[in-house]
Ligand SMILES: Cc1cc2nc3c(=O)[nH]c(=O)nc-3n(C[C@H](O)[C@H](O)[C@H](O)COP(=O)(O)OP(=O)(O)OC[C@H]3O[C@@H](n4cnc5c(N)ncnc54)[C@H](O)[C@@H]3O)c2cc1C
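Take a look at this one chain, the form predicted alone, written out in structure tokens.
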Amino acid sequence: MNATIDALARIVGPAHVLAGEVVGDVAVPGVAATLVRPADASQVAAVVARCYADGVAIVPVGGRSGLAGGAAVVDADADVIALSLERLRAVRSFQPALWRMEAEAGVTTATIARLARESGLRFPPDPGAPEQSQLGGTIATNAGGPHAFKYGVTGDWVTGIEAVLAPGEIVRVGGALRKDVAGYDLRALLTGSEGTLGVVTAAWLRFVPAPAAQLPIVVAYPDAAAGCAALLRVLESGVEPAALEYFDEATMRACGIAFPDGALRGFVVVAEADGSAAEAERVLAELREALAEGADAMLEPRSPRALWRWRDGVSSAVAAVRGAKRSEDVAVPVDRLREAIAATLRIGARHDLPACSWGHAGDGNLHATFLLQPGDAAQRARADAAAGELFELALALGGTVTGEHGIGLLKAGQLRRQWAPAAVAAQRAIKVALDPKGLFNPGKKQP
């Protein structure tokens, strides 16, 4: 291992090989490891080539904002390095007139969104922690966000990928073109692979013109039954909001006091209409009609930006109630959402843990959460058991163990419960084909 580290220092420079760095993400802090920080794709390829030749595992690291342990190094004694993409920060090409950009993996989500916005464009994916999350990580997890209901997840906006594959080769699939069906869809395969098939170093992205108007509406209901009925009415009406979110009563007790237009309680639905001024007004009127029945309160926030800042802070507000939490991003068919919300509370009660949920209602994606006291090992063990029941619930309802955060370490082994044996075998075959030595982010994403 020492010979490998010395060789990597010659590739990236001694100042960019850092020993004893604690490498992890929001969900799994990880352990101390050697962090290597290449400056460009060619250095990434050289690092991968040396590690692959020496049998040293590679854990790609981005902004460390993940929520499933996908970027964690957990075995300090293993032959492993953490490969940080933070120095790959170049926007290689930005062509606003053609609605496209090529950016490197270390560019933050916020930077991409800002550059698009300043040119009258929009990059719709809006995962959490935009100032911290980086393009490589959002591609690796195929990250979503509140506006995925209308606009889709990150992969829907990636037209090309540059990546380093085993044993250290730079490959490019797709690019500036908007359509390409020439071969197997390697772009889609690498998107969402959580760094287990290679290391994404850059991507081509597409944009759309920014909507002229964004008009949110917030509606409070007495309980989940009334709120979920309203959500189904929105879908049945045929109206297409840009976002369709929910927050259960327990969640609102934690964060409703900070709502920008005054304290708010109950089961809350947030929807947003966007488009041209006329289109947004039309959609908003249809949302008012669909959401009105059974509502205790309905308001139209003065500042959409303030509303979404509040939305970004919900997770932190919930965690602050007891100091820590275990939150999972299961997803179910939209018509089973009410069952999943109610069952989350029952699971928490069985394990003597306060529970709540919120999430992307239009996608059936709930952040089911169990509240903990920091450092309480017994509560942590009960929360782990509760999460196991939650996964069983999601699958029983026809859903998935992860809607947007990935498998990582926290859900290791869950995929084989969700997929049939033949599908599991196909996934393993893909891993072996692209990573025959099993050195890319070992232990992650696999069944």
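Computed from a predicted model, the values in this text were never measured in an experiment. So that there is no doubt, residue numbering starts at 1 and follows the sequence shown.
Keep in mind that the form predicted in complex with this ligand is not shown, yet the notes after this line are about it.
Peer 1: Considering this ligand in the predicted bound form, find the one stretch among 225 to 233, 301 to 309, 250 to 258, 136 to 144 with heavy atoms no farther than 4.5 Å from it.
Peer 2: Of the options, only 136 to 144 has residues within 4.5 Å of the partner.
Peer 1: Can you pick out, from 37, 64, 50, 382, the residue that has a heavy atom within 4.5 Å of this ligand in the predicted bound form?
Peer 2: In short, 64.
Peer 1: Go through 219, 244, 85, 203 and name the one with a heavy atom inside 4.5 Å of this ligand in the predicted bound form.
Peer 2: Selected option: 85.
Peer 1: So in the predicted bound form, is this ligand close enough to residue 364 to count as touching (4.5 Å, heavy atoms)?
Peer 2: No, no contact at 4.5 Å.
Peer 1: Quick check on residue 360: any heavy atom within 4.5 Å of this ligand in the predicted bound form?
Peer 2: Heavy-atom contact with this ligand at 4.5 Å: present for residue 360.
Peer 1: How about residue 194: is it within 4.5 Å of this ligand in the predicted bound form, going by heavy atoms?
Peer 2: Looking in the predicted bound form, residue contacts with this ligand include residue 194, since a heavy atom lies within 4.5 Å.
Peer 1: Within a 4.5 Å heavy atom cut-off, is residue 174 in contact with this ligand in the predicted bound form?
Peer 2: It does not: once this ligand is placed as it appears in the predicted bound form, residue 174 has no heavy atom within 4.5 Å of it.
Peer 1: Using the arrangement in the predicted bound form, list in sequence order the residues of 21 to 56 with any heavy atom within 4.5 angstroms of this ligand.
Peer 2: Contacts from 21 to 56: 25, 26.
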